[in-house]
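In the block that follows, a single chain appears as structure tokens, in the form predicted alone.
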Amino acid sequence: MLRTRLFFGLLTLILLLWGVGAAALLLVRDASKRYDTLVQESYPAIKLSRGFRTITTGLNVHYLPALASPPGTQVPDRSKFDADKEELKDRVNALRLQTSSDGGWDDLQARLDQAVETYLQGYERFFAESLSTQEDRSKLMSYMSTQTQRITDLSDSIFALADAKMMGSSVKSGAESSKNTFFVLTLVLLGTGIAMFIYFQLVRHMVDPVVGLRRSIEEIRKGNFELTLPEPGADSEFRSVATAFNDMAAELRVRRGETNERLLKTNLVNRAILEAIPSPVFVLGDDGRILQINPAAERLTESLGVAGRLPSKIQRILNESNDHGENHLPEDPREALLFRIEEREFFYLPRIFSFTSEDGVYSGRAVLLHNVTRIRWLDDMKTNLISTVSHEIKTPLTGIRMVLHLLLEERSGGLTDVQKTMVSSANDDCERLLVTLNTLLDLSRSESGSTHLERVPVALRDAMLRAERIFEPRAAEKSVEIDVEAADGMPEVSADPLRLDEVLNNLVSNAIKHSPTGGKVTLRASQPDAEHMRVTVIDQGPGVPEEMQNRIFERFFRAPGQDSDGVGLGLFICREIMRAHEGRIGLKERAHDQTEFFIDVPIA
């Protein structure tokens, strides 16, 4: 139906335009025809009347001087007179054919005809040479002058009548033009009214429903699903649109109800999970505001007197984590933070990580405080036990070593070969036991945080060359080549020289230990970033099994099937030393049958 209305509306506008245009063309054409008729009726009479004065003046100028001459003067040739005579008669005859509604038109024509005839008869007397006296010539000249003036006056009168007739027709034509203009304006106004009527009808049937639909969509976007569109009449195409929109709004209301119910269930589940977690948990938005906390976190913040916000220690770590765009996931209990609650010490290990919803719309950060107070207590107990036992064993062990050395030097008497072998074996075991005790003491010191560093600018290339010199004899025993790749002029690093050498020596020792006979150990220096220098120790040994790579820096860890001596503390102590230097230690993925350990030392 709307399509039919639109068709008939546009058809009416087209017909109206065609009608106004056709009427204007007809009126213009009629006005043009009237003007042509007017010109054809009046202009010939005007043109003919203007020629009498010229012709008579020409004849008078040509012949009157001869008429004014004394009698007996030769008469001029009459050929001009004959030509002008025919011209005058033609004009008189042409004027007879012109008509006019004016009552004096025919009288003026008759009088002009008579005046022309009389004028020509005067010249005929002149050419007849019947004027023998000067007096006759003077009378004829006076007569010709009178007739000439008469012809001029009559022709001017005819010209005035024709001109008045032409002006009257022009005024009448102007009046007709005004009527035509008024008629065209009337048609234009009528067409404008019809066009406005069609416009408002189209707006009511087409634009208003679209505007209403747009407003309804905006309300839907704001969440007002209760809004419905009024349904137009059965003959409107928008009826189906309004029905579809109302159905969509109803479906959205149902979906919103289901979503709200699902969100409520999810919120309850999340709340139950958070309440079940014994550790304090804080859920934060992207802007850092706390969105949700569990009861453990509420109790902790209330105990610390910071209810509703993060403790300052946690907030500082959270800000640093945000600045670096990384999660903060420490594993070592020694990185736990100390909180004093009711005169008791509690250690919480903060774990901060980012999360994003599946649709990517919602994101934030979560803070989990893991209570490691008991772990720290057990760790301290273990460290103290190791330290105490090591000290207690080291003292008698020193005495045993001294006795074994004296026996080997045979200061108390000679030994048989069997006795030398047995004492030598006992001395070797005693030395290994001493190394183990020293390692345990180092472990105890590092875990207790008493590792003291004297950091000074150190030339990394010199440290690498020292490790090469120390292990060169041992490498030669296995025909292993040690190659140092370090360029001159590298930046110095900030490190404790003794501790740095201890780390390098441990890595080089392990590399030689696991290298095959005739293999090669490479010490390579590089700069991975602007803040660190890197030393990579590369060997051609069998490498670390993939499933064991994540545990090689754990204390007392030894790979299964390893036949070398040691208690599995070397790499752990190296990691502690590098951590104390604010550096890094790691193992790269095995490539080209090579094993690569690296340390990153801060640049001085």
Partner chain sequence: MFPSPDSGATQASARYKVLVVDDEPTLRLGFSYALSDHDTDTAANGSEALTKLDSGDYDVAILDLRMPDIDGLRVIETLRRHGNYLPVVLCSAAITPSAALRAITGQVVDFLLKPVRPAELRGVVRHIMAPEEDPFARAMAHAREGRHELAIQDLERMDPGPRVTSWLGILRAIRTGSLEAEAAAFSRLERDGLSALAYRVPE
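Keep in mind that this is a model prediction, so the values were computed, not measured. Positions refer to the first chain, counted from 1.
What comes next is about the form predicted in complex with its partner chain, which is not displayed.
Peer 1: I'd like to know if Ser412 sits close to its partner chain in the predicted bound form, meaning any non-hydrogen atom pair within 4.5 angstroms.
Peer 2: Yes - in the predicted bound form, heavy atoms of Ser412 and its partner chain come within 4.5 Å of each other.
Peer 1: Contact with its partner chain in the predicted bound form for Asp323, defined as at least one heavy atom pair within 4.5 Å: yes or no?
Peer 2: Contact with its partner chain, no.
Peer 1: Are any of the heavy atoms in Glu331 no more than 4.5 Å from a heavy atom of its partner chain in the predicted bound form?
Peer 2: Glu331: no contact with its partner chain in the predicted bound form.
Peer 1: Glu492: heavy atom within 4.5 Å of its partner chain in the predicted bound form?
Peer 2: Because no heavy atom of Glu492 falls inside 4.5 Å of its partner chain in the predicted bound form, the answer is no.
Peer 1: Given that the partner is absent here, state which listed stretch (239 to 247, 288 to 296, 219 to 227, 492 to 500) has heavy atoms within 4.5 Å of its partner chain in the predicted bound form.
Peer 2: Of the stretches listed, the one contacting the partner is 492 to 500.
Peer 1: If the cut-off is 4.5 angstroms on heavy atoms, which of these, Leu338, Met422, Val403, Ile273, is the one near its partner chain in the predicted bound form?
Peer 2: Flagged contact: Val403.
Peer 1: Here the chain is shown alone; which of Ile198, Met141, Met206, Leu434 has a heavy atom within 4.5 Å of its partner chain in the predicted bound form?
Peer 2: It is Leu434.
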